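One chain follows as structure tokens, the form predicted alone.
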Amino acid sequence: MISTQLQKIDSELDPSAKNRGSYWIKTFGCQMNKADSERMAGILRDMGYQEASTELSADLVLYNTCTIRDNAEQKVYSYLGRQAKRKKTSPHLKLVVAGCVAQQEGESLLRRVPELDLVMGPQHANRLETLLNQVDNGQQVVATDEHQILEDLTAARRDSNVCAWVNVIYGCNERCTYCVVPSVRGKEQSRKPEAIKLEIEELAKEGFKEVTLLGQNIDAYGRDLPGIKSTGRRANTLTDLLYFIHDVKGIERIRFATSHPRYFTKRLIQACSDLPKLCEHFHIPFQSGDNQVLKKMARGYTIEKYKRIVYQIKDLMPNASISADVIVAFPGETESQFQNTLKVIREIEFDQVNTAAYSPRPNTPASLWPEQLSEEVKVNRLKELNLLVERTAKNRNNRYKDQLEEVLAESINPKDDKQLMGRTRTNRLTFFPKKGPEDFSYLPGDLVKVKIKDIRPFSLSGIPLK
């Protein structure tokens, strides 16, 4: 029986239930999905599940999915096929699809993969225990209705002991013509500042050194919260939140993502300049360097406005790094319009650009337009773009040569256990030896002064100095 009505049931665990078996979570897509997966892992741990050593040995397999591009969605079905076959010989296996594909496909996923036990959209991540209890009661559950996101009381099982994601706003109210996110992640829902600060304080007590505030459109934080200052300006903005959380003792660094140029303000830039824990890195997608394409995308800004934001940042923080997202081969994009995108990358000299060829997504206006470009054009434009991005990133990295950079050591390099890996304040991945001068050993969580020696397009290497 398919249950689409969410029932209130007792979610208290049976005290005798010491171990419910093992779980495996596979995460696809963005940082928001990674943060959701950490919270769901925390819920499973509290329920009595242990993390499995391999995917194929787990008693519960959860795929937290992404539908931003077609290839990410198709990967999910490939993984599901393997698990569906396995379930025929291991009927105790619980199979869960969470995230954006689950929200988009809903009950149709059960018709395609009848072996599924639970299909749940991203708004229901904090309700995993309740939904799994319904599965244990013999139901096949679909939870994709619009839902007020509950403040989560479960401690996430973090993938790092040094850096942590902190969701501050869920959903998105934008209507970009290519993007499926608003329809799968729902309307914007901001968390209260006090709840966010409390979570960060708990992270500090656990020894975390860095937090990244997350939102699909983080600059929209607070639009749905009450509060007007005597000046007539909203009190609950991202800038206000940064001032509110900045002085949490123990947290050394603060980052935030992802920004939208439409809502990015001079006041936010000034705050990042004034507050010492705010890292000098800004991720601001521009998507296209052509105003006509931006208008068709319904992005709500011009490339001139975007450049003004970037130059305001560079005026206040000359060494700040700027990264972006870009889509090429959008329906109807001409060669001249594509060249305008390349011009912007050459002019701004981004530190990093996430690139993609346009991928038609269900229930988006652009997917229905007749002027879709060929796969050959998509491949060629993406290849040309990627070559430029790599060259630009390496040129930008040259500024680090022989410089002393503060690196937060995050973990041991999985390819060389004699090295640590971490990031500069400007978010550049950096490798350095665990042992410094006089055989002093560094550990994950240490802030280390590293003299940069080797430059690559997307990473650095150096020598630690005591």
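Computed from a predicted structure; not experimentally measured. When you see a residue number, it is the position in the sequence shown, counting from 1.
Although it is not shown, the form predicted in complex with S-adenosyl-L-homocysteine (SAH) is what the next lines describe.
Only one segment in the set 332-340, 162-170, 351-359, 264-272 has any non-hydrogen atom within 4.5 angstroms of S-adenosyl-L-homocysteine (SAH) in the predicted bound form, and it is 351-359.
Although the partner is absent from the chain shown here, none of 405, 453 and 462 has a heavy atom within 4.5 Å of S-adenosyl-L-homocysteine (SAH) in the predicted bound form. Taking a 4.5 Å heavy atom cutoff to S-adenosyl-L-homocysteine (SAH) in the predicted bound form, the contact residue among 201, 115, 252, 325 is 325. Taking a 4.5 Å heavy atom cutoff to S-adenosyl-L-homocysteine (SAH) in the predicted bound form, the contact residue among 124, 191, 299, 381 is 299. Among heavy atoms of residue 69, some come within 4.5 Å of S-adenosyl-L-homocysteine (SAH) in the predicted bound form. Proximity of residue 178 to S-adenosyl-L-homocysteine (SAH) in the predicted bound form falls within the 4.5 Å heavy atom cutoff. Shown alone here, residue 258 lies within 4.5 Å of S-adenosyl-L-homocysteine (SAH) in the predicted bound form, counting heavy atoms only. Contact annotation for residue 222: none of its heavy atoms lies within 4.5 Å of S-adenosyl-L-homocysteine (SAH) in the predicted bound form.
Residues of 103-130 include none with a non-hydrogen atom no more than 4.5 angstroms from S-adenosyl-L-homocysteine (SAH) in the predicted bound form.
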